[in-house]
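One chain comes next, on its own, written as structure tokens: the form predicted on its own.
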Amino acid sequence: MSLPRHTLITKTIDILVADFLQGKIEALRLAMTALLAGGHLLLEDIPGLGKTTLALALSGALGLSFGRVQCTSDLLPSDITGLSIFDREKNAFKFMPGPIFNNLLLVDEINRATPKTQSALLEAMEERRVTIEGTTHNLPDPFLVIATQNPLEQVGTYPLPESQMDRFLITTGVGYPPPAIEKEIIRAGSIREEIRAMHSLLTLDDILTARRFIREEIQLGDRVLDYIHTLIVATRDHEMLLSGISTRGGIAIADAARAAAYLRGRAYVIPEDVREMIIPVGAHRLIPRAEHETLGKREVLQSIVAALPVPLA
């Protein structure tokens, strides 16, 4: 079965990795998975590993409008959503849209924004629209938020509660590139200007067509569905966890597995797609018991996945 726009999209990923995002193939594939599945991406890593570069390159290659918000403790919800100002010539208020009215919004250091501002942003991510002064404004489609937070920051930060972490389809890091690639990156220096000058490789129609196909045509068989359900139930029954993966989390795993199958060139999901996506999609949704808070969520979920048999697709 021919997958619409598949060759174009995989070629775009290959070009980005070869020319702009060396050593970041995993983070790039997960960002593309989030976009195709209609979700959002949270990057948790130390500064200086290319999180902003990844977002810039993705928006440039995909022909998406790009907005950026640098979160601080005095950032207001209206700084993200926009506000109405009085137009003296027309003697009327005029709405000035904020950066959230872009296809790709980079939210740097989201944990530096106050809970009120975080809540406004996360509500818009969920509803795909914002209501300002009684008027509802739809956000563009596609709409992808790539948020970053530094796990080492403590002073002046407001960590996202688990209920709001659930708004992100995927959470991952960028990681250090392999030594040989890192040396070449250091030798070449910043490539921000090259990224800003790059021509788009895809159109909005390409992205929307691929998303529609993934949502409507990628098959999720009964055995794979049973496998997803078995996994999320196992997280709820785990002795170290206070709360496991919710039904919404199960939907997110299925959506991401469909997008992963598409990127692998298949029109059907196999258990390996679920195993590939469950850690980045499921780990941040777990809530450990107080006596196990120091345990890594990814490691706990990995142990659950490893303990369960993999069904034959």
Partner chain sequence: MVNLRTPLNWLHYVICLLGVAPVYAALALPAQIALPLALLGGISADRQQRTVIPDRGATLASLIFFIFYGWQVSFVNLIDPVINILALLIAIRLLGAKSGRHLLQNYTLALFSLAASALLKLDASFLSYLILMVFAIAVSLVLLTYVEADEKMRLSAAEFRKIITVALLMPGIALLLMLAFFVILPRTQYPLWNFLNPGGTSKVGFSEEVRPGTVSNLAETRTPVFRAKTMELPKEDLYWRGIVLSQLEGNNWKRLPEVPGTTPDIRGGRAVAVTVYPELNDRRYLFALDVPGQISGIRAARDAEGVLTLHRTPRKRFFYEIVSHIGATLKAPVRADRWLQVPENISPRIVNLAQQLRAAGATDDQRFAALVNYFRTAKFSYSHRDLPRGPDPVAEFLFERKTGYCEFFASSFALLARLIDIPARLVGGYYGGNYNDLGGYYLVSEDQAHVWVEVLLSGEGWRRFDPSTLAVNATTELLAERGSGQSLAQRLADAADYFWQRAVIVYDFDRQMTLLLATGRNLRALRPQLKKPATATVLMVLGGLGMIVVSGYWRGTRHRAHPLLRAYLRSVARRYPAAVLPPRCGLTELAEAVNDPRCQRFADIYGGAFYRDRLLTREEREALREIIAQLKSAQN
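Treat the numbers as computed from the prediction; the structure is a model and nothing was measured. Residue numbers count along the first chain shown, from 1.
From this point on, the text means the form predicted together with the partner chain, which you will not see here.
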Contact test in the model of the complex: Q219 vs the partner chain, heavy atoms, 4.5 Å: yes
How about A257 - does it come within 4.5 Å of the partner chain in the model of the complex, if we only consider non-hydrogen atoms? no
Heavy atom to heavy atom, is V224 within 4.5 Å of the partner chain in the model of the complex? yes
With the partner left out of view, is L8 within 4.5 angstroms of the partner chain in the model of the complex by any non-hydrogen atom? no
Which listed residue (I270, L62, L49, L286) meets the criterion of a heavy atom within 4.5 Å of the partner chain in the model of the complex? I270
Of 66-74, 26-34, 277-285, 262-270, which is the one stretch near the partner chain in the model of the complex, taking non-hydrogen atoms within 4.5 angstroms as near? 262-270
Going through 280-311, which residues have a heavy atom within 4.5 Å of the partner chain in the model of the complex? Please give them in sequence order. A306, A307, L308, P309, V310, P311
